[in-house]
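Read the single chain below, which is given as structure tokens and is the form predicted alone.
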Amino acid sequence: MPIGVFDSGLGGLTVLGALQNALPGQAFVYLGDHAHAPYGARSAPEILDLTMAACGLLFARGCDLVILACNTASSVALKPMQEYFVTADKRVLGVFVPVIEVLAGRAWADRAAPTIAPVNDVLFFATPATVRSGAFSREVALRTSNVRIVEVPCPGLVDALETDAQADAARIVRTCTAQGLAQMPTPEVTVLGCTHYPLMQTQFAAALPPGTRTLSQPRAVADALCDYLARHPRFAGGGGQTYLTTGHAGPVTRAALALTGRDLVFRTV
């Protein structure tokens, strides 16, 4: 059985690559909603509707498990979807949970009182919609009593990466990092809270104080999925890799090559 991986654009390929490395025999279907990207500037109702439509497409292609490899969709759409859209035989998982588990040093399902986490000061970079949702800070605060988070929106960064405007992307990284450091000069940990942003990890690291640790969301998600499949093997299955887009396949294929260096052939749904 294939596992669906969804993002508004190409950023989710950073997560997919980690999943493919961790689970080399697993079939995956990647879907980028390029016809409606980016999500970061959209309203919450729009994000919810688009995410449900995308998951419906992946369900129809036999993916009973879908990973929302999009922090905006995970922060805005996942909870209401799990409440009234996802049926009992399907699962939709987000990319926030594994990162919060690593930061908090405890399992997501642990409902005990907040505890002392292994880190104190966290700088969180994300899309404007993710920051507006407040989901990341809210969920961390439910589990920890000592973590201070500064959330920094990075408007335009996804657009710059999707169009291979590297100079613009680098400028946005420098600007947003400076804004974050003005509020938190010495962060212990940085979280790149958009799956596009690991593509600029070198630029973020150069703009941050030496010794700042960047939490790898793709690796955390891959580790979490391996654990999940060990507990729920019915969602696993071998096969090939499929790459889909709601946009025009040719330009998306070329953009994926420019962005990731991987020759991935997309088909339009």
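This is a predicted model, so every value here is computed, not measured. Numbering starts at 1 and follows the sequence shown.
One more form of this protein, predicted together with a small molecule, exists but is not displayed; see below.
At least one heavy atom of residue 195 is located within 4.5 Å of the small molecule in the predicted bound form. Proximity of residue 190 to the small molecule in the predicted bound form falls outside the 4.5 Å heavy atom cutoff. Interface membership of residue 158, defined by any non-hydrogen atom within 4.5 Å of the small molecule in the predicted bound form, is confirmed. Shown alone here, residue 32 lies farther than 4.5 Å from the small molecule in the predicted bound form, counting heavy atoms only. Checking 172-180, 67-75, 85-93, 144-152 against the small molecule in the predicted bound form, the stretch whose residues place heavy atoms within 4.5 Å of it is 67-75.
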